[in-house]
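Listed next as structure tokens is one chain, alone, in the form predicted on its own.
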Amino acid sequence: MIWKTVLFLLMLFVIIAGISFPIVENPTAWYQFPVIPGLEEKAKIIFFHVPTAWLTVVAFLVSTVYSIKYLKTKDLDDDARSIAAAQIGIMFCILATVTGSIWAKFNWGSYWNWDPRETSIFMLLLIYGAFFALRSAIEAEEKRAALSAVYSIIAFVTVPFFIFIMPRIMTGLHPGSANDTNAGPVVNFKMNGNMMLVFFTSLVAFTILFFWMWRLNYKSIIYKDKLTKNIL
């Protein structure tokens, strides 16, 4: 399909540009990024770390939307779409945590500092980890789907607070914290033109990747359920 080719080209561009384009004091070429005080070479993490955090929000939002649909329709297909999105969401949440920890090691000296941003994403991992524990503890399909839907809706209420609010109203080490005086161009999306191009291309590419993965995961859940029922 054409969109798969587009996705491949977008991801290829992001990987090449995000890794190989140099950061220099005074950029003179289109492929050079300017130095951002306080971040320097480590600023390149935004091309990969931020999109994974973004997909965490998108995936949990999609999961919640289909949880609401399930409560209205009682269609188990909606439950399958919800859990498929949640599974990908927790995966990208882990990736955001790992990439953030690697960046923290180089920037702050240790992988984990209990910064408000690190604490907030850890809380999300616990909340959605409990979500999967709840599902695995219930065997009846309809009861499991109904309780999961309610939990998913309640859990998502915490996502905007932990991702967008808490890390910005509390003092911390992460760029964008209440006491942050560096990295303003990154947090405020006022980077120079080529950085903006690579950054938003990355967001678009990762978003397309998510919907592709979500569709494949949903189909695998459906096929697995059909095989299980046929065996039984």
Partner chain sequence: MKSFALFKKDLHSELRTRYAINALVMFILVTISVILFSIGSEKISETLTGGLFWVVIFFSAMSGLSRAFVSEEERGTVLTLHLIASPNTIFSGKLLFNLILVFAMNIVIALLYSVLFDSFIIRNFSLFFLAFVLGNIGIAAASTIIAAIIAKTGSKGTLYPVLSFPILLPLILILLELTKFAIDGTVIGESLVELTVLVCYDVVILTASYLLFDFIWKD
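We call the rigid core whatever largest set of C-alpha positions still superposes within 1.5 Å between the two forms. Numbering follows the first chain given and starts at 1. What you see is a predicted model; the values in this text were computed from it and never measured.
We do not show the form predicted in complex with its partner chain, though everything after this point is about it.
- Taking non-hydrogen atoms only, Ile165 approaches its partner chain to within 4.5 angstroms in the predicted complex.
- At a distance threshold of 4.5 angstroms between non-hydrogen atoms, Lys74 is in contact with its partner chain in the predicted complex.
- Residue contact check for Tyr151: one or more of its heavy atoms lie within 4.5 Å of its partner chain in the predicted complex.
- Taking the partner from the other structure, its partner chain in the predicted complex has a heavy atom within 4.5 Å of a heavy atom of Ala155.
- Taking the partner from elsewhere, every residue among Met123, Leu126 and Ala137 has a non-hydrogen atom within 4.5 angstroms of its partner chain in the predicted complex.
- Contacts between 78-107 and its partner chain, taken as any heavy atom within 4.5 Å in the predicted complex, involve no residue at all.
- With a cut-off of 2 Å and the rigid core superposed, Pro160 has a Cα displacement that reaches or exceeds the cut-off between the shown form and the other one.
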